[in-house]
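One chain comes next, on its own, written as structure tokens: the form predicted alone.
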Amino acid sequence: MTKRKYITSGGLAFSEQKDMEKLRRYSLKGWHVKKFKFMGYTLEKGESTDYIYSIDYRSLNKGEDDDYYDFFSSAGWTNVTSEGDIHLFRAHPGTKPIYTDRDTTVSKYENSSRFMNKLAIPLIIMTVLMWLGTVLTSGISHTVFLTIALILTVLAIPTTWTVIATYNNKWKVEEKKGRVNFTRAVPYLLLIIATTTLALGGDKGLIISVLSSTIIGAVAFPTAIWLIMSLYHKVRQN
């Protein structure tokens, strides 16, 4: 019977290199990546092998798959699994890295940011429209708009942070230190503003207080899911 296990991801936009290093450590123990899983990876038990891993972000048109994977294969990289525009490759140590210079690395993160923008921009627009509807309506319509706005906000904030992180990775490579430092500070500033507004808002600013609470919840929500998924799969394995 094939043995499998689940491990969590730190989020490719936030800790891609750490994820790749972790996958290598598991391969040395005989656990090899089978496929992407929600907020993590599924590993399959096999022989201990030293593999190095790398991620590529690429939107493939119909019919481009074979040429794309053959190109990497000729360079020593084998495709392990793909999910949408995200492709995971592995190779033996000593294989020439997929990204060898600044220009190609910047291109990688540009591809990643384009992929995330496709998700983030429509979600942010919908969220803003729902909050606008909340302000302009009353009664049942107000309740409906508010409920949808809260749900979308919980989804939009982590998605937006992920987009910021992908641009931050790109700016690091380009050595744009000012932008890097600013993006690092944004999450903390939002939390401070939200917490302060919630504490001082009282009954006079109900919508603002609710929105502030939602921002705080949007920070805690992905963390809670990450912990639950990790614990769930550990229990199943035991």
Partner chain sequence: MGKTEQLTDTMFYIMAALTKPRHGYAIMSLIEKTTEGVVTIGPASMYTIIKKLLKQEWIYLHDSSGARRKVYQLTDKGRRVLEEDFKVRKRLIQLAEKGLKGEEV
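Positions refer to the first chain, counted from 1. Note that this is a predicted model, so its numbers are computed, not measured.
Omitted from view is the form predicted in complex with the partner chain, to which the following refers.
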Q. With the partner removed from view, which of 124 to 132, 93 to 101, 151 to 159, 164 to 172 is the stretch that lies within 4.5 Å of the partner chain in the model of the complex, judged by heavy atom distances?
A. 93 to 101
Q) Looking at the partner-bound form in the model of the complex, is residue 58 within 4.5 Å of the partner chain by any heavy atom? A) yes
Q. Should residue 74 be classed as touching the partner chain in the model of the complex when contacts are defined as heavy atoms within 4.5 Å?
A. yes
Q. Is there a non-hydrogen atom of residue 137 within 4.5 angstroms of a non-hydrogen atom of the partner chain in the model of the complex?
A. no
Q) Taking the shortest heavy atom distance, is residue 68 within 4.5 Å of the partner chain in the model of the complex? A) yes
